[in-house]
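The data below hold one chain only, encoded as structure tokens and taken in the form predicted on its own.
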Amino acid sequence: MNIAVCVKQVPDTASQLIISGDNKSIDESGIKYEINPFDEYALEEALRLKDKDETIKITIISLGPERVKQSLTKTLAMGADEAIHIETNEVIDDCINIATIIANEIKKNQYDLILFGKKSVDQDNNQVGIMIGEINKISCISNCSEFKIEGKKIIANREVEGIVEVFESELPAIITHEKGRNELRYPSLKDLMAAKKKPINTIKVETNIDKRSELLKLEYPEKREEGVIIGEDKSSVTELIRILKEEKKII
């Protein structure tokens, strides 16, 4: 079985983001980049399949600038077999453009299973994996919490409010994965050093595909009003009700 896992490098969630002067990008100085957390869970699912069957081959695919190679090296240290870096120094903010570029790379090989995180934590779009399924005419099961392979079929669960939806599809198939229930593995220093010697297949691409959407502006969210402590015991209830009714007009 051949598995492709598509990962995106995103700013560390602890980083403080500053909007650049063009109001369309973030200032990358001082930003630490990591593998998108949802993509890490997708990779973990692939690695667990490989733990049970050593004949499985895992290929990591990532689109982005030179810095992406750092994350690809980490995936190789975790147990992936090979990595493909689709290199572009241009910031691509159009999801259909991103999906088309990655879909064209996926077409070059016969993958039985293509895994994505359900979304990236920077853009929060939840679109690229689903779009690639449409472009390449491959069944896609989105927002999957867990799945299992049975012969040439995949059975996947999606958790929604109060119930679990169960889907079945023939392979090849695309899964966009939730955070999942399995604990993530982390590479050892020895594995990281060894992975640095493994080659990464770099492919330069043109990004002049027609855009279907355009990022107009980035803005900071409105600051919340500072909280007010009315009191610390039940004697404060009367004053709280008065404020909600007379000042805030909530009740």
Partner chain sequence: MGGILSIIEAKNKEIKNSSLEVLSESQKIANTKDLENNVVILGEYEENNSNQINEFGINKVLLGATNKIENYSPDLYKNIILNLIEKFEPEIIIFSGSAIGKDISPRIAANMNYNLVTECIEIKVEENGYEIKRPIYAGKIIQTLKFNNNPIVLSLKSNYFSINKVEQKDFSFEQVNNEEIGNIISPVLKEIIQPQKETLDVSEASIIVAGGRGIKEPENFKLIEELADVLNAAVGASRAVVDAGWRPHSEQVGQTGKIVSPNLYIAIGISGAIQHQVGMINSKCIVAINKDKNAPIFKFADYGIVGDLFEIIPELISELKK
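Positions refer to the first chain, counted from 1. Each form is matched to the other, and the largest set of C-alpha atoms that superpose within 1.5 Å is called the rigid core. Quantities reported herein were computed from a predicted structural model and do not represent experimental measurements.
Missing here is the form predicted together with the partner chain; even so, the following discussion is about that form.
The closest non-hydrogen atom of residue 171 lies beyond 4.5 Å of the partner chain in the predicted bound form. Of the heavy atoms in residue 122, some are within 4.5 Å of the partner chain in the predicted bound form.
At a distance threshold of 4.5 angstroms between non-hydrogen atoms, residue 82 is out of contact with the partner chain in the predicted bound form. The closest non-hydrogen atom of residue 232 lies within 4.5 Å of the partner chain in the predicted bound form. Segments offered: 45-53, 58-66, 197-205, 178-186. Contacting the partner chain in the predicted bound form at heavy atom distances within 4.5 Å is 178-186. Between the partner chain and the residues 159, 105, 112, 87, the one pair within 4.5 Å by heavy atoms in the predicted bound form involves 159. Interface residues of 139-153, taken as those with a heavy atom within 4.5 Å of the partner chain in the predicted bound form (partner not displayed): 139, 140, 141, 142, in sequence order. Once the rigid core is used as the reference frame, the Cα position of residue 13 differs between this form and the one not shown by less than 2 Å. After superposition on the rigid core, the Cα of residue 216 moves by 2 Å or more between this form and the one not shown.
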